[in-house]
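The chain that follows stands alone, in the form predicted alone, written as structure tokens.
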């Protein structure tokens, strides 16, 4: 039994690298193995389908005394509407609650795959998914600002702060860089970096246990410690999963609030 464990452990690649995030396609395509439909893509589509089916089934026959599924759906929507949309935007936040709820649930579920057995990777650990979500929020708050204020007035409102004229040549580039470049970049990178780092940590401690088991039989007790750390980090990763979904949604609401504000 020990010999079998050592053989299995010797086949485990260690240390993990960035290449572990580039998974082979699960659907054959052509002569070469391409990346057009990997496990990452499958998890994304499963997330989309799960969210649509859950809310459609839940609200197909709403009841005055809610069922457990209806209560869960209403609790999620009520949390985002009251604690994010209305808190950040006031009464106007109700109009944005559906989008913000969808954004929150989608990011939460996409993040959650990181700790689901056999999936064990979040699509958001690939920069492409957070980048697309950030671009959507970026385009949305600019469009809302232009629609509310008018095109020229919005950019004047966003770029020219109430400050003495002689300091404006310094402040305007800073405002442009902060509002139109840093915001989408920070939205995407924050979510990506947290999910990427979490996945790498779990890989390091999981595969590290196998590596120590393979190195020497005397290191076997330390491999148990490494796997215990994996379990502890999984609980920490769950907190990060929830926090990052909340932070991304709150910042999106904050940017919309800034676009609608009448004062700089």
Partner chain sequence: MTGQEPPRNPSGDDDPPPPDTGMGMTAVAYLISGMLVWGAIGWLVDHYVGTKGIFAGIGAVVGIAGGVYLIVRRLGA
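Residue numbers count along the first chain shown, from 1. All of these numbers come straight from a predicted model, not from anything done at the bench.
Although it is not shown, the form predicted together with the partner chain is what the next lines describe.
The putative spot formed by 75, 173 and 190 is fully lined by the partner chain in the predicted complex; each residue has a non-hydrogen atom within 4.5 angstroms of it. For the candidate set 160, 146, 140, 127, a heavy atom within 4.5 Å of the partner chain in the predicted complex is found for exactly one residue, namely 160.
Put simply, of 88, 115, 105, 133 only one has a heavy atom within 4.5 Å of the partner chain in the predicted complex, and it is 88.
Within this chain, residue 59 lines the site of the partner chain in the predicted complex, having a heavy atom no more than 4.5 Å away. Taking non-hydrogen atoms only, residue 94 approaches the partner chain to within 4.5 angstroms in the predicted complex.
Residue 120 falls outside the set of residues with a heavy atom inside 4.5 Å of the partner chain in the predicted complex.
Not displayed here, the partner chain is approached by residue 79 to within 4.5 Å at the level of heavy atoms in the predicted complex. For the stretch 237-257, the set of residues having any non-hydrogen atom within 4.5 angstroms of the partner chain in the predicted complex comprises 250, 251, 254, 257, in sequence order.
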